[in-house]
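Just one chain follows, in the form predicted alone, and it is written as structure tokens.
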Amino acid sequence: MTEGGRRINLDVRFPTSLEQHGSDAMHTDPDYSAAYVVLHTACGLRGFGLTFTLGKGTEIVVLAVEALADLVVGKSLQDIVKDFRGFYRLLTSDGQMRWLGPEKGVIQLATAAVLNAVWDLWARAEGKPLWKLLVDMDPEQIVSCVDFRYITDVLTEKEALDILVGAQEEDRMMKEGYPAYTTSCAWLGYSDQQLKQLCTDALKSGWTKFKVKVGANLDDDIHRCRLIRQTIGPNNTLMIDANQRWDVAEAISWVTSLSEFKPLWIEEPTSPDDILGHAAISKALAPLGIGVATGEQCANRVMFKQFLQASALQFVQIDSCRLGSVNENLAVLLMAHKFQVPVCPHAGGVGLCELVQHLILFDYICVSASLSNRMCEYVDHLHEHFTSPVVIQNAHYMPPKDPGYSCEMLESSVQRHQYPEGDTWKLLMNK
């Protein structure tokens, strides 16, 4: 990112729709994809970033990244990290580009890809995994990376400093890891036989928390939830996820019909923008002991502020891409702690497990210091395409040790899956 540096922005897609991986009630044929950014510096150090997409439209995000490039190329890493809040605002507050958001949609996806790459570059420059870079920072330095504009009515810089604590129980994370739940067993397009086999295999591998996709057909949901509950037993944890399929009243009625299976939460029951709708659903389901979770497609920290103020969530789900990368997530982690709502990150997509593990480790070590009702999503897809793939042991995320943000892809994987000229897509298009 110094003068003479160059950038590479790529459209990388994996044909996961062929086997129904990632399928849910709203996204029936996703091809897990990424707008992939590589930042080059004059000294030879590189930073890697990505933002997750579902196939079509990835090329639009790549173009948006290109539109932001002039704000990045030519800057030094040292100047950026000295005023990371200013750099964040530079990307999100351009007088013309912000009209396309602001801080929402394609422009936010593009911003996240760039910011992810900068954080990766910074961690590599320090020779640390990103979570360790954050843990080792002074509270003042962490707070200086957060843009508090629009959220000071619920979280001030002073309150943030009071929340942040010195590193706690880092050794526990290194030994035990962070608890995870799996979504890989119950995509909506999977057959009954596949569901039962995957759940049985997961139980043998130590998994005790399972998420099931619902929302397309109530009778089918009842059948699938019964099958999975019978397979995993009465004492293991079950969550359900509708991926924004329902209206408010429909969500309440539908989830009430599924309450016999004792789900811990209903995830994304309605529009991700409907704060009052989530609050109504939360209030209606509370007597059934079912919480509401959302956040993977929540637009920004301002939306989260309102969700928390409205008591609309029992579980917060941050996302490492759509939420504007580390800077934005730091704000949400701090607000969630103030409102005493546990954070259970979303990680269903290519590279998201690799990214979000860093954020949740930081949350435990420096913010929440609690594992009560906390877990991080895991999907067992596409990790083989990364140079530092996530490590799961006994259903726990083990802290990454390699420097960076864990989102560098193997060059061979990028070449094969680049759209549309990669060999994988040439073969599929010629069939």
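In case it trips you up, residue 1 is the first one in the sequence shown, and so on. None of these values were measured; they are calculated from a predicted model.
Beyond the structure shown, there is the form predicted together with a small molecule, which is absent from this document and is the topic of what follows.
The contact residue chosen from 396, 383, 27, 46 relative to the small molecule in the predicted complex is 27, the criterion being a non-hydrogen atom within 4.5 angstroms. A heavy atom within 4.5 Å of the small molecule in the predicted complex is found for exactly one of 300, 243, 92, 116: 243. Partner proximity in the predicted complex, defined as non-hydrogen atoms within 4.5 angstroms of the small molecule, places exactly one of 206-214, 230-238, 280-288, 69-77 at the interface: 206-214.
By the 4.5 Å heavy atom rule, the three marked residues 131, 400 and 406 all fail to count as contacting the small molecule in the predicted complex. Contact between residue 183 and the small molecule in the predicted complex is found at the 4.5 Å heavy atom cutoff. Contact check for residue 32: a non-hydrogen atom falls within 4.5 Å of the small molecule in the predicted complex. Taking the partner from elsewhere, residue 367 is found to have every heavy atom lying beyond 4.5 Å of the small molecule in the predicted complex.
Heavy atoms of residue 187 reach within 4.5 Å of the small molecule in the predicted complex, making it an interface residue.
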